[in-house]
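Just one chain is shown here, as structure tokens, and it is the form predicted alone.
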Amino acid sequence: MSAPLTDEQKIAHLLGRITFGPTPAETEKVKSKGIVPYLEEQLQPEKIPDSLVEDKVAKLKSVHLSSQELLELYPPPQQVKAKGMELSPMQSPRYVVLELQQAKLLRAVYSRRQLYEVMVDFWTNHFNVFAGKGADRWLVTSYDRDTIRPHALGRFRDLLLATAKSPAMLFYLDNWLSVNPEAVMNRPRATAAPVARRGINENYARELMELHTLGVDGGYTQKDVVEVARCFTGWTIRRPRGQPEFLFDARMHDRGEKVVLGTRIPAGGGMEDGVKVIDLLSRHPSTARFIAGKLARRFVSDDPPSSLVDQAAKAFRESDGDIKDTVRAIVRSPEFFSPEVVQAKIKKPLEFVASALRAVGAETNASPALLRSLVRMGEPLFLAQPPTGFPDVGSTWISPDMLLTRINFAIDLTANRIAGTRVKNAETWAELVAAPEFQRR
């Protein structure tokens, strides 16, 4: 049986899991405040001043604009071509995604609200939207800013509803096209769903249950998928490339009776049918266990103890899906500080790059050169194509090629060969970030 962790080991382990990597300043802060007070401080990010990173992100123009403004200032290539216009690379839609990536990396490196940023990354993958799909190039900026970030440490039900109404999610999983085939389709022009493609679309309903809430073994059937899809007909987008706003179009909605997981949803309803599904799924026992399991995997180990998952699921249920309470139950558990889980998690590329920059005290502007390092390691930010997002299990990230890419990054970083990133006394850090154990947290 392994010896209990020392206080120093506990602090290093805590910072390795609830931040994007220890820094000397954060280590001293935990020593001074204590582990529990530090955790509680991190669970209240709104009370932590964060002017340094806010000033850095403020320089990125596009991350502060609405989706409609982004469409106007960074127009689609076909629109530019049709008008005979010539735009600079900084006016391309690709620049919108680039600045969003820069903001994410800068926050991971510099934010004092580290646990909050870890949770934003967690939910970004849990509720993944691929920024390379059509209109989502302009919609994901708002999705990150207005949907994920405000709810990252709030109530799961509120986050789930926000993602369901998000134009980015509606477009990515095609729910904006989902209509009752028998509905009266004398719709106003403001509704953009093409008539030729009318019909029930099951994509969102399936991913809502399999990936967002119940889990693949959560007890739903194909019939439930169809019924949930019927509940969300009419949840659409006014105009994805004009006025990309959420719209409930009653004329597209299936107003018949539905039965979801044995619960009857009466005929004659409207948008509330979908809201009832959100309420039902967010409070379902399978959802509590599924979310608890994913959070335990993120914070403890790839195969977390069932006792910990049970404890976290209980906290989720008893707090009505309070994310803070669920995270608190995991981090303050005996399993979290078990010697067996120390250095047991392989860092995702974002975690590896951010932790390296934090460890060496690098100054960076998150340049395209630095972002390309993440691409080479397999994690191009906001560009995971499958709805599962980027995985949080070590087997995904430990191929020989990926490990070699990480070593090359460490060499380039400590040789100051990455444009826009500088390390003082770089040669003194080479051994640290190239060490095999630095791949783990």
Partner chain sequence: MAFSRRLFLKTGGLGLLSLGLPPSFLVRAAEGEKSRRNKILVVVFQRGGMDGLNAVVPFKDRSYYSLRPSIAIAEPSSGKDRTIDLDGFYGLHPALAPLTPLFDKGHLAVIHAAGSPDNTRSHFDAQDYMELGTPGVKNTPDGWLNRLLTENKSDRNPFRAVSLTQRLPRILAGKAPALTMTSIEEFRLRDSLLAPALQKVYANIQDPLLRQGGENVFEAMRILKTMESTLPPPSSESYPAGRLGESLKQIGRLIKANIGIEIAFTEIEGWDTHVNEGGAEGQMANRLQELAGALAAFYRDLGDRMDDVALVTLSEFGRTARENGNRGTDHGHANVMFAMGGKIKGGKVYGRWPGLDPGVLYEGRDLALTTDFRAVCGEILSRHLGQKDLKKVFPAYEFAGPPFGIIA
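Nothing here was measured: the structure is a model prediction, and the numbers come from that model. Residue numbers count along the first chain shown, from 1.
The following text describes the form predicted in complex with the partner chain, which does not appear among the structures shown.
Undergrad: Between Asp254, Asp249, Glu210, Asp144, only one gets a heavy atom within 4.5 angstroms of the partner chain in the predicted complex; which residue is that?
TA: For this set of options, the contacting one is Glu210.
Undergrad: Considering Ile48, Leu403, Leu52, Ala58, which brings a non-hydrogen atom within 4.5 Å of the partner chain in the predicted complex?
TA: Result of the distance check: Leu403.
Undergrad: Do Pro4 and the partner chain share at least one heavy atom pair within 4.5 Å in the predicted complex?
TA: Pro4 lies outside the contact set for the partner chain.
Undergrad: May I ask you to state whether Gln68 is within 4.5 Å of the partner chain in the predicted complex, using heavy atom distances?
TA: So Gln68 does not count as contacting the partner chain.
Undergrad: Is Val259 a contact residue for the partner chain in the predicted complex, using a 4.5 Å heavy atom cut-off?
TA: Output for Val259 is no: heavy atoms all beyond 4.5 Å of the partner chain.
Undergrad: Answer yes if any heavy atom of Glu335 is within 4.5 Å of a heavy atom of the partner chain in the predicted complex; otherwise answer no.
TA: Because no heavy atom of Glu335 falls inside 4.5 Å of the partner chain in the predicted complex, the answer is no.
Undergrad: In the predicted complex, do Arg376, Thr388 and Asp412 all reach within 4.5 Å of the partner chain through at least one heavy atom apiece?
TA: Per the other structure, all of Arg376, Thr388 and Asp412 touch the partner chain.
Undergrad: Just one of 103-111, 69-77, 144-152, 171-179 has residues with a heavy atom within 4.5 Å of the partner chain in the predicted complex, so point it out.
TA: It is 171-179 that comes within 4.5 Å of the partner.
Undergrad: Under the 4.5 Å heavy atom criterion, name the residues of 394-415 that approach the partner chain in the predicted complex, in sequence order.
TA: Heavy-atom contacts to the partner chain in the predicted complex: Gly394, Ser395, Thr396, Trp397, Ile398, Ser399, Pro400, Asp401, Met402, Leu403, Leu404, Ile407, Asn408, Ile411, Asp412.
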